[in-house]
Structure formats: structure tokens, C-alpha cells
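In C-alpha cells, the next block holds one chain alone, the form predicted alone.
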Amino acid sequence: MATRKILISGASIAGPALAGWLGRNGFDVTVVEKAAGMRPGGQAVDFKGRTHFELLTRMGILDEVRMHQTAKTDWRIVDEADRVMAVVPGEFIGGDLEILRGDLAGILHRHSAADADFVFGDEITAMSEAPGGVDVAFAGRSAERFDLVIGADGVHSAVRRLAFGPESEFVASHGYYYAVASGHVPLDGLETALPSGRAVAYGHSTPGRLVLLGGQKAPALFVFRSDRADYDRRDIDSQRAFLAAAFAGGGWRTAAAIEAARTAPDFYLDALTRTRMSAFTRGRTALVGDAGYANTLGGFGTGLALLGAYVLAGELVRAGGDHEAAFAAYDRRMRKPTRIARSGNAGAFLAPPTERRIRLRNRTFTNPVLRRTMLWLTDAFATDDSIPDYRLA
């Protein structure tokens, strides 16, 4: 092989998936992850459509993912008096198969740990491409040269910044933000489980704001619009204050939800963003998953991450390690399935900016024809029969 030694940054979803494919097919793979270990829990992620299920089958993890799947959760959109305005079906929110992100990451790590060297608690600090490889500096270990570097390190990818340029050139936001918190908010008087085994979550919308409580996506999910990002990404207290200010004066159970979020042990806040990239490679560097094709809360990110890992590994194996040929084929094949990441605005759908837009969003799910159309579209966007079977080990 022309290319043997590969560094992957990120051990969440795309990273261990790619590491497993490459390691089992003759590559020397190192995965570096700044977290101290695999992170448990997290919000739920999902798969939908024929392509995703075929991919999980080829990976040999479909049965294990099914063993860890969450219950289907319907979202009931209610007014301040808890009257139901619309029901967003679990099939739309959670696809055909839903699993907690931490559970999926654990499965992927177990299936790839024997095929790659995982280094936790470290990160890339500098990269310099040379004719024979990429010289990489780390925060905690000696510099080393690799044939290729793959960024699987999320929407705020350090690899993308070092190899492609500033985040502002590749990541767009429509002024929407989201937060997830583990704090418990009582749903007294509300039905949270159905005899069928489905769970029920409750959401309340006001213009530019959504509070969602219960269910598997997160115990508390907040989506909101703000004209300025008045918080520090490195300071969780600053993030909690930004959230509280955005929902000040909110009715329904909002005050209790914000109070729980103030002390929740698991809390995360970020902008709703999407990448603006149609090519995911440059020189000896490639991007996989959210680093290259993110659309936060858009509903396709996890499936795209696994698909991208499979295609990149498949093309590298097919090209005998010739990274130039493999990268060109990867860019070409991923252009179609990633189109969903370059369009849409999940924030405006989840937290419509006006009362009229809220009513239109609700009508999408109270009208049977519109509801069926939305479910059909999610499957259509997730299905791509042009992806070849690379016959990987």
C-alpha cells in the first residue's frame, strides 16, 4: 500500500467506525481523543432507511445496536395549560432505530479496539504537511509523522482549522442555539408512557423558543434564537447564564426547567450550525462526520458519520492506499448524501420565530397527508443506493 500509517482525531462515532474498517484492512491506525475515555450517556441518535440498516449490517453491529435501542418517544406540543396542539411521532424524531450516543460509541469502540491504537487524554496541536506525510504535534506526546490525518473531531474540528482554515469559513449559523441538560423536571399530571411501550415527551413553543422535557433525546432540551452569542464556549457558568437569559419570563414549566439546568451535572450548549463544504479532503487530510458535514439536530448526522467512514475506508482500500485517488472518489461519492447537511434550518423548525410559523409547524403533524410526507422525506434523504459494497473485512 502507498499509505499505511493513519491518524484519526476523535473517538465518538465516525472515528472508531473508520478505525475499525481501516485496521481490519491492513492499515496502521492511531486514534487520538482529548477526552479521558469513551463518554457514556448523551442524547439519543438514530438511524433511518434502507442504507443505514445495510451499513449497520455490514459493520456487524445491527443486532447489538438493537439490543440497546431506546423506546419510541412521541413529542406532544402543548400550550400553557397542557392542551395538546400537535403530536410529533417517534418515527420522525427517532427514525427507525434510536440509541443513546454513548451506547453507540461504546459499541463502535469495542468493535475497533483490537484494530487500532486508541490514545485518550491527548489532542493534536499542530500539523505540517510534507511531501512524504504529515508531521503532527500533540499536547501530551512526542511529535510523529503520519501518511494521512483524518478529522473526526466534530463541528468545531481542530483538524479542519489546522488543515483547511478558520471555522468561520466553513461553519454557518442562523442565530439559533440549543442546550441539553440532565436535570429532572417533574411532569406532574402528564402521561409519560403509553401502554404500547412508547414514551412521551412534552414541548412548549413560543416565538423563537422551545422547551422539551422528557423522552430519550435529552431529559431537557432547549432551542432558542438569539441575536448574539453572549457566552464563552469554555465556561459552563457563562453558558448556563446565556440560556437563563434567553428564557427569562417564559411560561409553562420553563422556570423549573431552567432552574434544573442551572445545576444539572450534564449540561451542553452550542450554536445550531451546519457546514458549508462540498469537498472534504485537502492534501493528506480528510474530514469525516460532523467535521465535514454537520447539520445540528437535523436528524441525519450519525448515519452520515458512519456512511462517510465506510466510504472513505472503502475508497482507500479500493485504491490500494493511493490517497489522491481515494480522496477524489470520497469527495465525489459523499457529495450527494451530504446535501442534507448543506440545507435546512432545524432551529426555525423546532423554535419557529412567529406564532404563525408555530401554527404552520404544528399543522405539519396534525394533517395526516403532511405527516406522511415528512416521514417519507426523512427516509428518502437517508437512502442512497449508489454507495457500493466495498467488500471490506
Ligand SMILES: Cc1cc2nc3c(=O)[nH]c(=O)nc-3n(C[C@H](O)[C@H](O)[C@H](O)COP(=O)(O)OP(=O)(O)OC[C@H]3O[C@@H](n4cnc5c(N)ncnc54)[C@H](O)[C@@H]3O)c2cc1C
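Numbers for residues come from their place in the sequence shown, where the first is 1. The model shown is predicted, which means the values in this text are computed figures rather than measured ones.
A second form of this protein, the form predicted together with the ligand, is not displayed here; the remarks below concern that form.
- The single contact residue among Arg333, Arg58, Arg361, Lys34, judged by any heavy atom lying within 4.5 Å of the ligand in the predicted bound form, is Lys34.
- With the partner omitted from this view, the residue of Asp122, Glu259, Asp235, Asp117 that lies near the ligand in the predicted bound form is Asp122 [heavy atom within 4.5 Å].
- Remark: of stretches 363-371, 40-48, 322-330, 336-344, the one touching the ligand in the predicted bound form is 40-48 (heavy atom within 4.5 Å).
- Within this chain, Ala305 lines the site of the ligand in the predicted bound form, having a heavy atom no more than 4.5 Å away.
- Mapping the unseen interface onto this chain, Ala382 falls outside it, with no heavy atom inside 4.5 Å of the ligand in the predicted bound form.
- Not displayed here, the ligand is kept clear of Ile107 by more than 4.5 Å at the level of heavy atoms in the predicted bound form.
- Using a 4.5 angstroms limit between non-hydrogen atoms, Arg101 touches the ligand in the predicted bound form.
- The three marked residues, Ser9, Val288 and Thr296, each reach the ligand in the predicted bound form, with a heavy atom inside 4.5 Å.
- For the partner-free chain shown, Tyr178, Val180 of 178-196 come within 4.5 angstroms of the ligand in the predicted bound form, judged by any non-hydrogen atom.
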